[in-house]
Structures are given as structure tokens and as C-alpha cells.
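Have a look below at one chain only, the form predicted alone, in C-alpha cells format.
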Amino acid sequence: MTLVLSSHAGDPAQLATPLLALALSSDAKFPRALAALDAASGGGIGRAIKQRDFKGNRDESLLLFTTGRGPQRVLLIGMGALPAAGAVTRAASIAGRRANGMGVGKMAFWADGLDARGVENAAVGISLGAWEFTELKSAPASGEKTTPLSAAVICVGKIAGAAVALANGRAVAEGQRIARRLAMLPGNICTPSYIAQAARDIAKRHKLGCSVYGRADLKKFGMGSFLAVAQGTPQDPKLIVLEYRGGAKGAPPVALVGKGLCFDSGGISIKPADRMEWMKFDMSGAAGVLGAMEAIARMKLKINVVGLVGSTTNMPSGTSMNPGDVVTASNGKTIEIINTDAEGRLVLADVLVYAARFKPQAVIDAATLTGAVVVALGNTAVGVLGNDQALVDEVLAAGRLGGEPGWQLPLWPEYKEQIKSDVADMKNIGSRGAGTITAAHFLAEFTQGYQWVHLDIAGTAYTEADLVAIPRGPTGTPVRTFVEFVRGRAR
């Protein structure tokens, strides 16, 4: 369900809303703008802060009830001392999640001194927190049914550009909702054909160019690397191309590339059964591309963007690729298959070669590519590598701005030695050490002729633990990184 987002420029005490969330830092004085609201609560807000019942620590919350015509409830949410970038998004996400859980249906959000970027972040945060995947669950009994959050008001003060900021927030929020829904769907529903139809729906909605290629087309394109992964499944693999033409005709586009493994069993090099169900999220890079294309089209950015997705499943069968096989990618390079569970790079190899035909100004790919990135960076930072330092810096800045921080890993030539093969041009996997780096070196072999950055989102695209601001499941990464990068290039 779409969340309706709007703004309010008056006194928050005048808002007739079931719930008003106030984001407060631990070191701030009581805001003058809340004086009337405090009076409506019988001084309860001020007393809670003065008596340290509410300290403003990050993620702390306190629910108060008021009287009169204004808000029925006030939810205080802490942002911590000297709130860092992303604090408003996080506080708004907690507010959206609490409101959705309470079943109030509608809510409002206030934070002191919101600028245009803050308004946008608040809109994105509320949507992140309020999102809940229920479409595959039976309807609850009538007595247990609650009203989901369907509308939210952001208090904006008198900010120039607030309307535009709110519209941008809506765009990003809808993009993230598409990405999170696709990622959350199980592999028997979200097949390569399903992802292709989702791309067609985006194209139809925003009048984008859309091309979808199947197994026969991939053979014509010489995509032996991609097809090697797909040969173990009867499902038709898909190469999906979405073209947004917001810039000058013929101007080089930004290319966004996503890995779309709808389910990854590991193939013949099969994964352990424990936690294998999480491998439905192996298409999070593809979901991020589609979500970003939705947001970019809604924002009507003046730039050309092409979204490329390589989608299939990796299954063990009598026709699967085997360790020791040698396959040929579409640029003519041969690959020795050492581990069939290193399949995402095989798909991306041919998609990255295909990207060159658009003569892109820059290419960014996103993939849940390696478990090694989780060992290196945990579940907080995206692994970032590339062949152009200026572009890497630009992508890192976009990630920070979008609340999806990354950390650069070295793409030094010494690491490339690990993927040398005795029988082919390269192996599809190196030794146990530096797995994220050697995977990126493999991808780099297919990026000739353009500037490229790789985002390894294996640790950040989904979470197996409740993160307070959002529950277990998809996080929406890398939608905002993609959008912020493209928006920066469009300025």
C-alpha cells in the first residue's frame, strides 16, 4: 500500500492527528516551537525531559497522551547527542514503525530545524519504518486487525523548496518500496520473468524504454558466462534493459547494473541447508536498480540513465555447470569454473560487457556478491571498489548522502594473481583470503572502455536481525546510493 506523504507549515500543536512524533537530540534545549504543544500536554513533554524520563538517546522513545483538539498522542524519539547524518531518517523510520504497529492509520512528524534535505530524509524514513510485508499472510481475525499507516504529515516550518523536497522523498520512498517488496518475495514467485514484468510495469508507468531478452537472445549475444549459470534451471534467464531518457538526446547515460539471482542454491557446489532460505535475497542488486529507476523517473532528473539486470536462478541439476568447466564470456575471455557458488560474477560479467554498447559516462553495479564482505565490514558498510578513484569517491559521497555508507577496498594488482587459471584466461574464484577484492578483480576484466564502480551489498541489502528502525528483511540498499549518484550527475 502506498503511503501518502504531505506537509504542514503551521504550529504542530494545531495538528489534529492520532500521533505526533517529535525527534529530539539529547543535548538540545527544549524547542520554543513546541511551547503550545507542551501546554496541551499539561506540561508533560517539558517535565519528561527535565526529569530525565526522556533523555534523547538514540532510539529512545516515550509515548505521552494529550488533551484538546491537537495531537491525541505525542511520541518522543531520541536522536542522540550531536545527531549524525542520517539521524532524522532513523528517527522518522522508528516513528513510522511505531505508528504502523499501533494501528493509528495516520501520523505526523516534527524535528527541529529541518532543512529541505531533512524533509526528504524524514519522508524516506517514515516510509522505511512503516513498510510491512503482509501480502502472503492470511488476513487476521477481525478482532486482531489493526489499521496500517497510510498517511503521514511532515512539519516543515517555512522552508524554501519544501514541496520539492517532499516530492523527492516520495519518489525515493516508492523506489525503496518496490525494491524491498521484490526482495522479500520468495523465489518461487519472484522469478526472472516476474522481475522482467516488474521492469515492464515501471517502463509503462513512466514511459521508459524497456527490452527483455531470454535464453535464445543470450546465445545470440554470446553470453556463455551468464548462460553457464542458467543452464541448471528450466526457468528462462532474463537480461533486462530499462532506459530513462531525461537528458539530451545522444548524451552518454549513467548505467546501473544489478545482479538478479532469484534464488542461489550454490549449484553443484551446493550451500549448507542452514539459512539457505535467505538466498532469495540474492537478487537485491537487481531490485535496487529497478527501485532506483522508479525514483529517478518520478524525480524527472535531466540525465540519461540505463538500468541493466541479469536475472536467473542457480540450481543443481543434470544440466548444471560443474567445477572444472570452462566457459566463454561475450568479450571472448575464457573462465574456469572452480566453484559454482561464485555465480553472480559470471552473470555480471556478460551484463557489464553489454553495458559498453551504451557508451556510458559511468557504470555502477550492485550485487550481493561475497560472504567475504560481511567478514570484512559486517552489516554496516557497503564494500566499494572500482577502476577510477574519482568515480569511487563520487559513489562513496552518494552513499553517505543517502544513508548507505560504503568503505573502499583496494583493487591492487597483487590480488589479481589469485584468479589466474592454468587452463583458461581466469578462474571464477581465488583463495579464501580477500574474496571481495578478487571478485571485483574478476568483474574488472569485463569493464574495458568505461569508468566503473562495484558495490558489494551482501552485508547491507538485507538484515537477519531486527535493526530497531526496520525489521528483519530487505533494507532498500542500494536504491539511495544509486539515486544520489544520478542526482549529483544531473545537477
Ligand code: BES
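A residue's number is simply how far along the shown sequence it sits, counting from 1. These numbers were taken from a predicted model, which means no experiment stands behind them.
One more form of this protein exists, namely the form predicted in complex with this ligand; it is left out here, but the text below deals with it.
The closest heavy atom approach of residue 359 to this ligand in the predicted bound form falls outside 4.5 Å. Within this chain, residue 343 lines the site of this ligand in the predicted bound form, having a heavy atom no more than 4.5 Å away. Contact between residue 453 and this ligand in the predicted bound form is not found at the 4.5 Å heavy atom cutoff. Although the partner is absent from this view, residue 369 contacts this ligand in the predicted bound form, with a non-hydrogen atom inside 4.5 angstroms. Between 224-232, 296-304, 327-335, 274-282, the stretch whose residues reach within 4.5 angstroms of this ligand in the predicted bound form through a non-hydrogen atom is 274-282. Only one of 404, 350, 264, 120 comes within 4.5 Å of this ligand in the predicted bound form through a heavy atom, and that residue is 264. Of the candidates 429, 34, 443, 437, 429 is the one whose heavy atoms come within 4.5 Å of this ligand in the predicted bound form; the others do not. Residues of 452-487 lying near this ligand in the predicted bound form, listed in sequence order, are 458, 462, the criterion being any heavy atom within 4.5 Å.
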